[in-house]
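What follows is a single chain, given as structure tokens, in the form predicted on its own.
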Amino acid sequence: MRYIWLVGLREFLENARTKGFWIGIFLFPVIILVSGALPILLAKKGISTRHYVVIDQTGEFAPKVRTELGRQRTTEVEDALHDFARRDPAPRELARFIRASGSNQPLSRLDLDGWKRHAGSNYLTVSGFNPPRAAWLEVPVPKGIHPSNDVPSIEAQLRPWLRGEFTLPPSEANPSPKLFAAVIIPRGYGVGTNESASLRYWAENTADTSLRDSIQRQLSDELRRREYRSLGVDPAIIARVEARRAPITDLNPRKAEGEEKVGMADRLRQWAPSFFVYLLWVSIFAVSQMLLNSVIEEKSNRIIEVLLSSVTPGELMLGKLLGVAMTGGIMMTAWFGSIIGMALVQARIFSSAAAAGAVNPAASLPTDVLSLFQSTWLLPGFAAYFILGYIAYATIFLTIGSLCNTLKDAQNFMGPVMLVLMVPLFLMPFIPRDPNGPIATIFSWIPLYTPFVMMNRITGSPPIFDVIGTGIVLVGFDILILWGCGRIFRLAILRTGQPPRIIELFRWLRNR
């Protein structure tokens, strides 16, 4: 046992001395912080202003489209002005129009109506305030293209502009802008249903459909209003009827009497295991890969022969498993510690703000996360399934490393293992919807998938028979894997040359 601990300590120190180990630990909380803000930042800053033209041969629809897009742009700028006004200290011009927060308001709010009455039409012009970049900008029709021509001729002339062969006149947003999209509303639009009477939307980029969708919604509303009028129905009445929504209260029969209402904490409880499954998958794969690389490197450098002169193959194998397990344990402790630490800090910040009379709609999220850890078996379950899953997969990876002399040789064995590892990721979206259904139950009893599937079911109140039974099966499977892979490891660790064939591995298992 002493030699197992010595090998394990050596393996742990080898990994702990690397820069990548510490970078991985400290990078995780940074990733958590950035992942929330980065998508918003990229949505605002990552895409340049896109230019488009509108050619309306009917003369009826383009003004309505421009009005709607202009309204959306005004709302966007006003929202940015609200954020600007909540700065500390408040902007000088807006200070007298800042109001204390209400029960459903952010930490502070701008009395926009009062500011509009005071500033008039220039209410968006505030010193120090830079309106957000416009996502879309309509430009005049390029010279030489006559909107009154037939549609095929217009489209033929627009093609070079849409392909970027010609550029538009410079603007404040872009010194050399290109035409991103063209909207053509042909004569007779909205009268029939054939393609010749449909709106023509031209764009090379088919991934960004925000402009197309916005125009389609506005024109659909306008066509419906016209249809209502032709039928003698007041569109305002229809709009009022369509605004009605069926009131629904979500209730959970497992909750205590008087607390049955389902809230954000309950939905977080339902889907949080999927995040833990992904984290479990990443952690098991990462630490198992450490073992694979370590064994192959020591075999290629002939260090393994020096180690085996002092310890047995079994002690070496168990020591390596123990050392990398300690590495993974420290990594997991640091990751979960950072999550809990950030939740505690955020909860304290929101609590202080609430004591000062400020209410934030997102204030309950950190408290919900902490409550999730306290009221569920997520953390103990993760620890248990990490250990049991690690023993199975790490032993397999360690054995693969003993069979191969180079990483290139290991790829042939890694292919099937990776296919097996990918299955839990495919199941992640389905199991929370039916945590005790047939798919979840069947895969829970397959030992290679048990850690991931049971982790995904852990907040879905799985039957105690499934929890205990699959746990016993998984422990038995780990013992079987350790026994079988230990035999292969003992015979393969000093082997050189080509990796053995599968049939030869079965012979090794049969021979004593």
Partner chain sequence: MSEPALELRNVSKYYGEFCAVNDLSLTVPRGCIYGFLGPNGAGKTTSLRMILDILRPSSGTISVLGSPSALAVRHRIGYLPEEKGLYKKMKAWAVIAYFAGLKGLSSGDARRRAFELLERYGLKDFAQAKTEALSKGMGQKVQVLASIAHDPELVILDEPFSGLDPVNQGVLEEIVTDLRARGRTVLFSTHVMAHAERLCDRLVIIGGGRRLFDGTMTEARRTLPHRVRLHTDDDPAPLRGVPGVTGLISDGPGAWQVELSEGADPQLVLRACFERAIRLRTFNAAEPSLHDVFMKLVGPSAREASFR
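Positions refer to the first chain, counted from 1. Note that the structure is predicted; figures quoted are calculated from it, not measured.
Another form, the form predicted together with its partner chain, is not on view; read the next lines as being about it.
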{"property": "Exercise: S310 in contact with its partner chain in the predicted bound form, heavy atom 4.5 Å", "result": "yes"}
{"property": "Its partner chain contact in the predicted bound form: R302, any heavy atom under 4.5 Å", "result": "yes"}
{"property": "Proximity of D221 to its partner chain in the predicted bound form, heavy atoms at 4.5 Å", "result": "no"}
{"property": "Its partner chain contact at E315 in the predicted bound form, heavy atom, 4.5 Å", "result": "yes"}
{"property": "Listed range touching its partner chain, judged in the predicted bound form by heavy atoms within 4.5 Å, from 159 to 167, 290 to 298, 207 to 215, 67 to 75", "result": "290 to 298"}
{"property": "Heavy atom within 4.5 Å of its partner chain in the predicted bound form - qualifying residues of 1 to 29", "result": "R2, Y3, L6, V7, R10, E14, R17"}
